[in-house]
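Next up: just one chain, as structure tokens, the form predicted alone.
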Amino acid sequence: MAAEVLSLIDRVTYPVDDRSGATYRAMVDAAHHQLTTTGAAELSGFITPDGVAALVADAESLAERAYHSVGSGTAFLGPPDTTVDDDHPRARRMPYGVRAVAYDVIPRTSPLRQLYESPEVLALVSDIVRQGTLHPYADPFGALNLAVMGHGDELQWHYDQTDFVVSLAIQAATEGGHFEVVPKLRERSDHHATGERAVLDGDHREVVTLEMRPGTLLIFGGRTSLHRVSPLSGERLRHVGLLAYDTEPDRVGTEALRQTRYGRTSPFAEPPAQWPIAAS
């Protein structure tokens, strides 16, 4: 099974099965430098064209298992701060709409799941981020997600609650769905609320758009870089795999987060063979 999964990866450019080789070391050093200087490491063409086709077919079959959450939230993914003015970045609510296929309903035969569970991919991410030993995220819902976004969906400007996020671009939307970033805004010496306010007011002079190229593996420092997915339109769904790792081996998400993002709090022991699940 491991060899079959690795066949999805361009192992000439990204020789994940030869970590001691000079090509691999040069590649991870370049990616680590990009991550630390720009806040994002883009591994373009990580998945081969045939691999992308397999992942698209997989994503299309999984899309009906997605839970569609719609609402409004702040840039800090928490309740609005009532101690500041209404137009302060910590008080502003912005709309979001996104669909997530949770880890516990992704079949074990899914190539996306097999990539996530591959020790070679875990080692690659660990070698690039260099934050000590990494573990697969222990949460049965959030360890791996397929993010599915369609017409009218968007993800508001926000910071992530983890140091980095690993995403795999599978399919771009018909229009929109751009990943827009203000790199390392939170790390600036001046008061970053000024920059946040400008972006939320529509000043995008410092916004960088990371092109949605299917097959790209992106390692992104979302805790310090303000970012969003712009509104989508058209019939074609946007598919992105979200691969979660952690420096702690047993960390899981809260029940409140599970309910909001997946519409339930109790995981399946095994991925359901059919969807929707027939009533018993």
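In case it trips you up, residue 1 is the first one in the sequence shown, and so on. The shown structure was predicted, so the numbers you read here are calculated from the model rather than taken from an experiment.
As for the form predicted in complex with a small molecule, it is not shown, yet the points below apply to it.
Can you pick out, from V28, L232, V240, A66, the residue that has a heavy atom within 4.5 Å of the small molecule in the model of the complex?
Only one listed residue qualifies here, and that residue is V240.
Using a 4.5 Å heavy atom cut-off, which residue among V52, M212, A40, A244 comes into contact with the small molecule in the model of the complex?
Checked against the cut-off, the match is M212.
Mark E206 yes when one of its heavy atoms lies within 4.5 Å of a heavy atom of the small molecule in the model of the complex, and no otherwise.
Flag for E206 set to no.
Using the partner position in the model of the complex, report whether R90 sits within 4.5 Å of the small molecule, counting heavy atoms only.
Result no; R90 lies far from the small molecule in the model of the complex.
Examine E175 and determine whether its closest non-hydrogen atom to the small molecule in the model of the complex is within 4.5 angstroms.
Judged by the heavy-atom cut-off of 4.5 Å, E175 is well away from the small molecule in the model of the complex.
In the model of the complex, does R197 come within 4.5 Å of the small molecule, counting heavy atoms only?
R197 lies outside the contact set for the small molecule.
L155, F179 and H227 all contacting the small molecule in the model of the complex, non-hydrogen atom within 4.5 Å:
Affirmative, all three are within 4.5 Å.
What stretch, of 81-89, 115-123, 156-164, 101-109, brings heavy atoms to within 4.5 Å of the small molecule in the model of the complex?
The contacting stretch here is 156-164.
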